[in-house]
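Presented below, as structure tokens, is a lone chain in the form predicted on its own.
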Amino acid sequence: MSGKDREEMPLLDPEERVKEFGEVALGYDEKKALTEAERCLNCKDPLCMQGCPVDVDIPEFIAKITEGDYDQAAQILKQKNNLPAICGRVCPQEGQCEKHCVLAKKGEPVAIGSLERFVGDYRLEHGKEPERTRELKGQQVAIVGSGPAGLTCAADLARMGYRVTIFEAFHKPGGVLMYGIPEFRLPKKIVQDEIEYVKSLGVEIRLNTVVGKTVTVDELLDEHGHGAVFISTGAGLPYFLDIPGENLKGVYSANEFLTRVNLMKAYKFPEHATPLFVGNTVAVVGGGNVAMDSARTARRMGAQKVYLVYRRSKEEMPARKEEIERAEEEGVDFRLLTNPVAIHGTDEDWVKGVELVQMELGAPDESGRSRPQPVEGSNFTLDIDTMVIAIGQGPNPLIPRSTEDLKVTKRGNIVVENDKGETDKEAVFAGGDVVTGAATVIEAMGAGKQAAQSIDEFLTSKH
């Protein structure tokens, strides 16, 4: 079985996909899924599970695919992963479960992510949902934020019998799954369908509720009767370059740019009343998945030329390999080993150009990557009319500032005492990007699962 070639994911043609926001990866049909599943060796010691932050029983769910029992495959997945149709699309499986696959030692690993997506999509269309725990408990738990960590924690606690309420600041639930990841990578209908599953377990979601303003964490505990609070507000505060010209019109943070397009449907203007200026020539600064999402979104918003400005080489890019490849296929012009030093504007304060300096790689820094150094006298300017800054983001300071006795790091991340997500404030737990900084969806889900276990232990011991 292992001698078979890996089934490639069918994709939309690049020339067609830049004209629309439809999903690029089309997914396996049943024949491809069966053929790929048969490549799995069903190892007695499945190393692939070592790379899964939520401990999915990977060989078991794949074995059920080979038997054609997709309902049971879905049941196995859902025991550990509350959002399989999402994870199958956006998780970096190549650096997690697939990295540890035995077949990867001499060839291509089993396409675990693509099989997970196949089963997740089947479940949304056909599958039966696991039942909620029949024995309901009296305690209430508040979840702050409806991103992957919050949704996962809420679903696990609901299945344990707790009454769970999610408080979401936006007008739609989903967090970064809704505002950050473009439709062409993660269709919003998939996100909403997965959220409906979480709600079906009895979870209540209160929208337009800004914890720290509308209600505080202390009020949730002391006045609203919640026995515990899990903070999973993500990392939505954008970082900037701190160079001249960042306040010019036509300069966006990736957070604003993608939120306007993904959550507020700017690509459907004027059907949706969210205008977004995107000129003919766009520069996106950064080398991660958010930068790739921004560059590919700019192409779909009508930009004829999109530059991707990154201060290191392609080998150092933190973005997924497939996202880099798809950006290149879609015509994004990579300007590697370059770094912005100033943004120039017109007399009307609109962007007209970005001044870059050539970089060269020196000794490794604390991350292990080569430290980029500017090359003296190498400055040059690219003519642009829109710029998107995608160099990372941090946690919003609102909750720490409005919550007594909640410790944070210098960068504003909430400090947890251990891997259980316990903060130094009693009954308050935290997990996901608000603790670790920007990470992956599945890592946030792993934090949510761990927090659910910790909250259950805490409330059980207390009562």
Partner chain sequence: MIGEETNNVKPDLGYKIVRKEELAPNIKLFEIKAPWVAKKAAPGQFIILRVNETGERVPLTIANFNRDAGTVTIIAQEVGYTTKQLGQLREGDAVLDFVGPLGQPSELPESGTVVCIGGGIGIAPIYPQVKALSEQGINVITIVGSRSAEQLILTKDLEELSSKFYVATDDGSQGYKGFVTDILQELLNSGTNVDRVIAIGPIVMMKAVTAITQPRNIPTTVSLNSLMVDGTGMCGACRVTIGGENKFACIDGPEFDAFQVDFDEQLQRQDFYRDPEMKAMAQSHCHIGDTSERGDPRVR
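Numbering follows the first chain given and starts at 1. Nothing here was measured: the structure is a model prediction, and the numbers come from that model.
From this point on, the text means the form predicted together with the partner chain, which you will not see here.
Inset, instruction - Name the stretch, out of 200-208, 84-92, 114-122, 354-362, where some heavy atom lies within 4.5 Å of the partner chain in the model of the complex. - result: Heavy atoms within 4.5 Å of the partner chain in the model of the complex occur in 200-208.
Legend entry - Site check 216, 247 and 269: each within 4.5 Å of the partner chain in the model of the complex by heavy atom: Yes, the whole trio is in contact, each within 4.5 Å by some heavy atom.
Legend entry - Contact flag, residue 372 vs the partner chain in the model of the complex, heavy atom cut 4.5 Å: Residue 372: no, not in contact with the partner chain in the model of the complex.
Inset, instruction - State yes or no: in the model of the complex, is some non-hydrogen atom of residue 401 no more than 4.5 angstroms from a non-hydrogen atom of the partner chain? - result: Yes.
Legend entry - Partner proximity in the model of the complex: residue 187 to the partner chain, non-hydrogen atom cutoff 4.5 Å: No, residue 187 stays farther than 4.5 Å from the partner chain in the model of the complex.
Legend entry - residue 396 within 4.5 Å of the partner chain in the model of the complex, heavy atoms: Contact with the partner chain, yes.
Inset, instruction - Work out which of 256, 316, 383, 71 lies within 4.5 Å of the partner chain in the model of the complex, going by heavy atoms. - result: Of the listed residues, the single hit is 256.
Legend entry - in the model of the complex, the residue from 305, 99, 137, 265 that sits within 4.5 Å of the partner chain by heavy atoms: By the 4.5 Å criterion, the partner-contacting residue is 265.
Legend entry - Members of 142-181 lying within 4.5 angstroms of the partner chain, judged by heavy atom, in the model of the complex: If the 4.5 Å heavy-atom criterion is applied to the partner chain in the model of the complex, 142-181 yields 167, 169, 170, 171, 172, 173, 179.
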